[in-house]
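Given as structure tokens, the chain that follows is alone and in the form predicted on its own.
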């Protein structure tokens, strides 16, 4: 890959990306569409008061003073969300105007199969229109088959613990791929490791069943389900490109001490590589979601937290280089399917994007086959159990009027997308 590693002048260097590099952003159905009826929407209503009541003790004082809406139960109920279901063309127009040429969406399973084995052709037709709208605007679709919520019928049958899960997933995927045959890039699951961890090890997300044995069985069930989906899609469309969106973390061994190196190796093996190792022969690309850096010291995280997002998450953009180098061994093309920050004031987003892309470019120069970057996210949304107050969008969404307004950082990112290069 011919990469320009920078132009002479130290004060102003241009980092050029490979020809055909994809630039874009993404969303997920439940977080932006509105009016979903699934296990998450049900859980939101049952837990909104609890989440609002705990906010003052769960979040730091500066956070709940800056975002007092977190103290209101309505913050935690998706309801109409951003009404993307009806305003997707408007949102895609914005993405196009920002110089983007790719976009990640997800399909809401509960809309497609509201009852077991019964598929809603009207909703399938809706997503056909969504894909066509992307194509018409020159946006390459990356379609996620499952981005966490489950249809109520499946949740009532045990959800991810159900032994028939691989069958249910493959049947659903067959329906989607048969209907949306023009899609090239399919993402089976979003962050299966994060979802399983929070649902069944921490027990904080639905169905809130805290059990290590169940956690391990769910991971295994999702591995089987991914393989079943892969095989089903390939039978229908052998040319389809299939992967997952993996949530990999940069684990750093503090001061390179022996004990910390051993801990890092063990955690890397389980968190970053176990799922990928199991599906390595059942994927064409790796989707990388990168947010976190954990500096390990005797089993504890000791980050410096010099810069943090509104969620209090450390912003460590240079860590993406280390994670990408770790994925090089799979010899797969890689697309950054999520990378972003909650930053309501748009204070750090421009810096964060540029520093991330600088490190990403460094990884490409080191031989990692990165072919695209999809920022998370295009518009503000509901952030699962945290509600609406964390603002990840390149484009702000007014919670009352739903008016869309690109943030200044979006315009900077647009220049990068159009030029296929980063000036630093």
Ligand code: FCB
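Residue numbers count along the first chain shown, from 1. Model, not experiment: these values are computed from the prediction.
Here the subject shifts to the form predicted together with the ligand, a form of this protein not shown in this document.
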query = When you measure heavy atoms, are 147, 190 and 376 every one within 4.5 angstroms of the ligand in the predicted bound form?
reply = yes
One stretch from 90-98, 250-258, 325-333, 283-291 that, in the predicted bound form, holds residues within 4.5 Å of the ligand by heavy atom = 283-291
task = Answer with one of 343, 108, 140, 338: the residue that has a non-hydrogen atom within 4.5 Å of the ligand in the predicted bound form.
result = 338
note = Contact with the ligand in the predicted bound form, heavy atom within 4.5 Å, among 43, 67, 384, 59 goes to 384
ask   = Does the ligand get within 4.5 angstroms of any non-hydrogen atom of residue 356 in the predicted bound form?
value = no
key: Distance check, residue 389 to the ligand in the predicted bound form, heavy atom within 4.5 Å   = no
ask   = Does residue 119 reach the ligand in the predicted bound form if we count a contact as any heavy atom within 4.5 Å?
value = no
query = residue 153: heavy atom within 4.5 Å of the ligand in the predicted bound form?
reply = no
inquiry  = Using a 4.5 Å heavy atom cutoff, which residues in 224-246 contact the ligand in the predicted bound form? It's fine if the answer is none.
reply    = none
